[in-house]
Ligand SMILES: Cc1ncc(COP(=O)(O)O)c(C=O)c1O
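In the form predicted on its own, a lone chain appears below as C-alpha cells.
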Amino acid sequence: MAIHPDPALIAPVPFNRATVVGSERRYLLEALANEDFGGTGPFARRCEALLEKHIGVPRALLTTSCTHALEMCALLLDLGPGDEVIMPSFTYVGCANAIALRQARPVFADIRADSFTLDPAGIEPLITARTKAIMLVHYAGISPDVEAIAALAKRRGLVLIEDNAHGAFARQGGRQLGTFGGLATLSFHATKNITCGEGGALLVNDPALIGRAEIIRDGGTDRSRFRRGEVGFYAWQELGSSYTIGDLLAAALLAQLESRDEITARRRTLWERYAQDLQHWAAAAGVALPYVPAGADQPYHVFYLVMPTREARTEFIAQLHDDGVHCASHYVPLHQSAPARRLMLRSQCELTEDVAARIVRLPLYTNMTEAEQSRVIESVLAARL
C-alpha cells in the first residue's frame, strides 16, 4: 500500500512567489555604484523608455504603485465633488479609492459572465451629465470589449482609463492593452508577472496630458523640466504628490522588463498544463475554466476556477489548504463594502456578486516547479465538491 506523506511535513505550495530572472543583482550593484537612488534616476528612465517603445505610448511614467498611478489619473482629470467615474465593482480597492479620495463618486457597473470585464451594454445607461470617465479593468489581462468601450467613451466625450495591472504587454486584436484609452496604468507589485516588489506606471496616450502628468508625479512641481534644462529653477505648479519610484527598485524592474518574453513563455507552459490536465475534471464537476476570447494575446497572469456554488468554493479552498496548497478567492465586490455603504454607493451588480462568490485562483508563479504544479493538480483532482 502506498504511503502518502503528511502534508504538514512537506513545504507548502505558496499562492505566489517572486522570481529573480537573472540581471537584478547586477543592475542593483550598478545602481548602488551610481550613488543615485532617488526617483527618475538612470534605471527609471531606462524602464520608461522600454515601456514607451514596446507598448507604443507617447509617455510612460514609473510610479510607486499602480494605485498611485490611478490617483494621478484622478488628479489629471481634475475630479472633484459631483463628478462620476463608471467602473467595475469586481476589482481591487485602489480603483475606487483613487476616485473617492478626490470626493468624486465611483459608479459601479456589472461585468460579463465570461471575461469578468465591464459589459458595454451596462455602461451607457449609467452615463449622466456628471460622468467624466470610464475605468476599464483588464481582468487577467483579458479584455474582449476594449474596442467597443473605447468607441463608447469617445462618442460620449469621456476619458477612458485602462487599469491594466494584470496585463502588461498583453494584446487584444493585435493591439497592446494600455493604448486604447487616454490614460492607462500598470502594476509591478510582488504578485504580478513583472515585479520589483512595489511599483507601477502611468501610461499617457493623450499628448496634451504629458506635461501635467510629470508635474503631478513630481510633487506638483516642474522638476522634470528643470532636470532637462528647460527652466532655471522648479516651483510648485499645482496639486501633486511624490509618486516617483526609487532607482534601486527601478534597477530590479528593468531586469524583469527585459526578460518579459521568457517570463511569459514560462507562465504559458504552466497555464496550459493546468488547462490540459484539469479540463475533464472541470467538465465533470461543473467547474468553469478561464475564458480566453478570440484575438486575445494573454499574459498568463491568472489561472482561476469558477466553482458551481459558493459552498463548493469554500470547501474546495479548505481541502487544498489542508493539503498545503495555498489558493485564494478574488475580490469582495466593492459595492458590498462598508465604505460603499457609508457613501451610499448603491449598485445592482448581480453577475459580480455571483462570480465573486464562486471564483478561486490556483497558485501560478514564474519559478513554479513541475513538482509543485503536480501537487496542486493532484489536490484539485482529489477534492470533493
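Just so you know, these numbers come straight off a predicted model, no measurement behind them. The numbering used is simple: start at 1 and walk along the sequence shown.
Keep in mind that the form predicted together with the ligand is not shown, yet the notes after this line are about it.
Proximity to the ligand in the predicted bound form holds for none of Arg266, Arg273 and Tyr365, with the criterion being a heavy atom within 4.5 Å. Partner contacts here mean any heavy atom within 4.5 Å of the ligand in the predicted bound form, and among 142-150, 289-297, 238-246, 184-192 they occur only in 184-192. Mapping the unseen interface onto this chain, Tyr92 counts among the residues with a heavy atom inside 4.5 Å of the ligand in the predicted bound form. For the chain shown alone, His166 is a contact residue for the ligand in the predicted bound form, at least one non-hydrogen atom being within 4.5 angstroms. In the predicted bound form, the ligand lies farther than 4.5 Å from every heavy atom of Gly178. Among heavy atoms of Val137, some come within 4.5 Å of the ligand in the predicted bound form. Just one of Cys47, Ala31, Leu70, Cys327 comes within 4.5 Å of the ligand in the predicted bound form, counting any heavy atom, and that one is Leu70.
For the candidate set Val355, Leu61, Leu334, Cys66, a heavy atom within 4.5 Å of the ligand in the predicted bound form is found for exactly one residue, namely Cys66.
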